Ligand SMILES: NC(=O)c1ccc[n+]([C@@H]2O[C@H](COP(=O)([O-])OP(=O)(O)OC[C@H]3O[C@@H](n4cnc5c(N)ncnc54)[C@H](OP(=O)(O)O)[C@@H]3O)[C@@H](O)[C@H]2O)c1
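Shown below, as structure tokens, is a lone chain in the form predicted on its own; questions about how it binds or moves come after it.
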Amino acid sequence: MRVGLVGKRALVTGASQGIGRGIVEVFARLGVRCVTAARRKDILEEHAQELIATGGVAPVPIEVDLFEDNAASYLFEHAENALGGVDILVNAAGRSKAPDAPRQTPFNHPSELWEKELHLNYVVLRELTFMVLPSMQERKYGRIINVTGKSEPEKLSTANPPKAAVHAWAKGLSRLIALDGVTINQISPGKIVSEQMLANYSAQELEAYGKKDIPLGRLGAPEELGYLAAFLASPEAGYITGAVIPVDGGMKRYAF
């Protein structure tokens, strides 16, 4: 896959596992210099060594907790120093639920938990985007990719409102930055194999779900989403902006 990404510089949040990690693996193989951000630096460092061993470009791990005050500015400054600039921002951070957390969010779920989800999935994402935008606009090139969710929630969830907000916010922003050579797009994943997924569901449940609800009959791999992210990050995708693109094995039931 040749998409003109050699030498591009990317900041990827949520990079220690799942979708974020899969995107970094694809980027590194395609010659992208990445700053990888997550709370668990040891995992980021181990992954960096694996990528180097397989011929990928070595990422720069940065430990950060996005719930901390000024986390976005801390991460942006360190990424700028490490890379000399950010051409691609991938917002892939997501809060891992505890194995004993309820799968169905109750209607009277505490407000502070709704606020935490909003902070991680919309507020920090927006802050990072506005920090990288000026230099992207100055260089007349930039790619912002947000990993969000589907727009047809099956149940009440703290994650749905902020992800829907990202879709609406990004669509409006796309119209303001298009002539500056900067695009912003959303990837809406279906059931993708991740640490969180494996912690919350048994192998039998995941297999049964895949066969019953996913036309392709299986869960997706993080790298399969990573290839779309790589295309959206490339110069070849310059005419795509403000879009929400599902990667779900056909799970989405509606055409629009």
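When you see a residue number, it is the position in the sequence shown, counting from 1. No experiment lies behind these values; they were computed from the predicted model shown.
One more form of this protein should be noted, the form predicted together with the named molecule, which is absent from this view; the next part is about it.
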Within 4.5 Å of the named molecule in the predicted bound form, heavy atom basis, the matching stretch of 32-40, 208-216, 48-56, 227-235 is 32-40
*Evaluate Arg143 for contact with the named molecule in the predicted bound form, applying a 4.5 angstroms cut-off between non-hydrogen atoms, and reply yes or no.*
no
(message) Even though the partner isn't displayed, in the predicted bound form is Val147 close enough to the named molecule, meaning a heavy atom within 4.5 Å?
(response) yes
Taking the named molecule as it sits in the predicted bound form, is Leu120 in contact with it (heavy atom to heavy atom, 4.5 Å or less)?
yes
Report task. Considering only heavy atoms, tell me if Met131 and the named molecule come within 4.5 Å of each other in the predicted bound form. Result -> no
Next on the checklist: If the criterion is a non-hydrogen atom within 4.5 angstroms, does every one of Ala15, Gly94 and Gln196 touch the named molecule in the predicted bound form?
Outcome noted: yes
Those residues of 158-192 with a non-hydrogen atom no more than 4.5 Å from the named molecule in the predicted bound form are Lys163, Pro189, Gly190, Lys191, Ile192
